[in-house]
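Two forms, one protein chain; structure tokens for each follow separately as structure 1 and structure 2.
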Structure 1
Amino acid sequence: MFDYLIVGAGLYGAVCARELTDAGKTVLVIDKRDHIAGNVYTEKVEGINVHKYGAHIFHTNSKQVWEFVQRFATFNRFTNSPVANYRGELYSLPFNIYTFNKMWGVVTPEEAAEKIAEQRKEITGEPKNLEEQAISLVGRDIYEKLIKGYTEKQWGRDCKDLPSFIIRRLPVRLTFDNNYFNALYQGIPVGGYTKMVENMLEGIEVRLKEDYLQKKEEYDRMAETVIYTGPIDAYFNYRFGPLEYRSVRFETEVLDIPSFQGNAAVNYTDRETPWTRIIEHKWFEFGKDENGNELPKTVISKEYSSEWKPGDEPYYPVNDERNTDLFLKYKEEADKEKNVVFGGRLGEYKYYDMDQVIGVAMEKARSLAGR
């Protein structure tokens, strides 16, 4: 008999497992996949740590979270500086003086601010949709080239049909700073995320290819408390209907060249290019292996955003009014469950950055353990 059964070996599950074990509790972790680490899973291909479920760049302002992850991995100094490709024109992201210089030929912050202010005047009154919201923030030119196509591919809908709140704010920097994140701490774990999660789970029993919901009664008998990180609607057998997500499909290729695009992430912002971005995984670790050797090949992943259907991998919760109301019905049921904790992106139907999910898992596990 275990104190805790943790369903899911992703970040939420692994952090809870570590914290509870360190507090003297007995823990069993199960996962229906054939690997640990959930969506941060990385696998070695041609010496390159490939982010199997999309790019994950660790960033946080929390000293507590940063000190926690550093127990299990050494982080490199990777800085996320993506590039936008609009029909062969390359722009620096997030929007900064490099972007404005390429767009309009301006060279000073004052000139850039004047150009944006002039274009923003197009929208008067409260923005009614995403298109109007974006133009009211950064003007028509940037919207047309760097926002419209990318956003429509990501959401599968015209920007005029998307709510304005999706982009309440857009980072506009009147400096040359092209570090995407404002976080104090940032980097990629050397050796990949899988290794980091493996270190987190050291000394803890983990069983893979185990589907909790198919053997629920059997597993429930094995522990005092269940921490469930799977989809909350699946737990209740879709009693009120399925919650919706956006999904992502990846096409990954090994190329027999040392560099494909010279950057970890390039966003394709025109509507006609079918993929939203291309990730070149080797640049997360500066094109070198763990011994500092240059890698002769490269691995790229094209990302295609898609409507989710049951059976697809759920990525981004669609937190619109209908789905939020539906989630609240499931949450009401979840609150009635005895000795079951629902946590993580799927268990709480909530988009989390990695540092956020680690922070809430630490807090939950410590409160469970009475620490």
Structure 2
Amino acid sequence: MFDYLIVGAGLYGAVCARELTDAGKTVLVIDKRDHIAGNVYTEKVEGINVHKYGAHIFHTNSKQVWEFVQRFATFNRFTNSPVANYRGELYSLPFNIYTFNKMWGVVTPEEAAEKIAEQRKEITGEPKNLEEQAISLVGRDIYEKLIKGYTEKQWGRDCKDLPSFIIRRLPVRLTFDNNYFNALYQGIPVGGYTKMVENMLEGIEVRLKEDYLQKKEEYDRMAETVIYTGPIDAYFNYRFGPLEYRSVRFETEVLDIPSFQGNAAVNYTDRETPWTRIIEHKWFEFGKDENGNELPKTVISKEYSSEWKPGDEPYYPVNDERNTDLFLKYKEEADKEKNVVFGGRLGEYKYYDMDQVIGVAMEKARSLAGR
């Protein structure tokens, strides 16, 4: 009998496992996949750490979270600065003076601000959806070329039907700073995320290829408390109907050239290109292996977004009104469940970043352990 059974060896599960173990609790971690680390899993191909489930760039404003992760990995100085490709025109992201200069020919912050002010006039009142929010942040030209197509591909929905908070994730700057994140700390764990999670789980029993929901009763007997990090609707056997998720499919290729696009991420922001972005994994680590040697080959992944259907991996919760209401029904059931904690992007149906997941997991585990 364990104190805790943790379902899912992703970040939420691994952080809870570490914290609870350090607090003297006994923990068993299971995962239905054949590997740990959930969607932050990385795998070495041609000497390159490939982000198998899409680009993960660690960034945080929390000193506490940053100090926590330092225990398990050394982080490099990678700063995310994606490029947008709109029908062959390249733009700097996030929106900054380089972007405004390319779009409108403006040069100074004042000129850029004027142009945006002029274009945002079409939105009066509080923005009601992502389209209105985007236009009110950066104007129609940027919305049309750099936001609309990308967002509609990523979410499979019209920008008018999406919540405005999604676009507020992106900074708008009247400076030349093209760091995608407003975060005090940023980087990629040297040696890959899998290694980092492996270090978190050191000395903790992990069983892979174990599907909790298939043998729920048997597993429930093994521990006092269950920490469940899978999809909340699946836990309740889709009692109120399935929640919607976006899934992602990757087409990964090894190319016999040293560089394909010269940057970790290029977003294809037009509607016609079927993929949303291309990741060139070596640039997360500056094109070099651990010993500082240039790598002769490169690995790229084209990312295609799709609506989740049973059998696919869920990636993004769709936090629109309908799904939020449905989630709340599941949440009510979850709150009634004795000795089960629901956590993480899937367990809480929330568009968490990695650092947020780590933060909430630390907090939860510490409160469970009475710390």
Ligand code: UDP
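These figures come from a predicted structure and were not determined experimentally. Take the two forms, find the largest set of C-alpha atoms that superpose within 1.5 Å, and that set is the rigid core. Just so we're on the same page, residue numbers count up from 1 along structure 1's sequence.
Q: Specify the structure that is the form predicted together with this ligand; exactly one of the two qualifies.
A: Only structure 2 fits here, because that chain is the form predicted together with this ligand.
Q: Tell me whether Q154 goes with V7 when the chain is split into two rigid parts between the two structures.
A: Q154, V7: different rigid bodies.
Q: If the larger rigid part is held fixed, how many degrees does the smaller one turn between the two structures?
A: Rotation of the smaller rigid body relative to the larger: 16 degrees.
Q: By how many angstrom is the CA atom of L162 displaced between the two structures after fitting on the core?
A: With the cores aligned, its C-alpha sits 4.1 Å away.
Q: Give the rigid core superposed Cα shift of L137 between the two structures, in Å, rounded to one decimal.
A: For L137, the alpha-carbon shift amounts to 2.5 Å.
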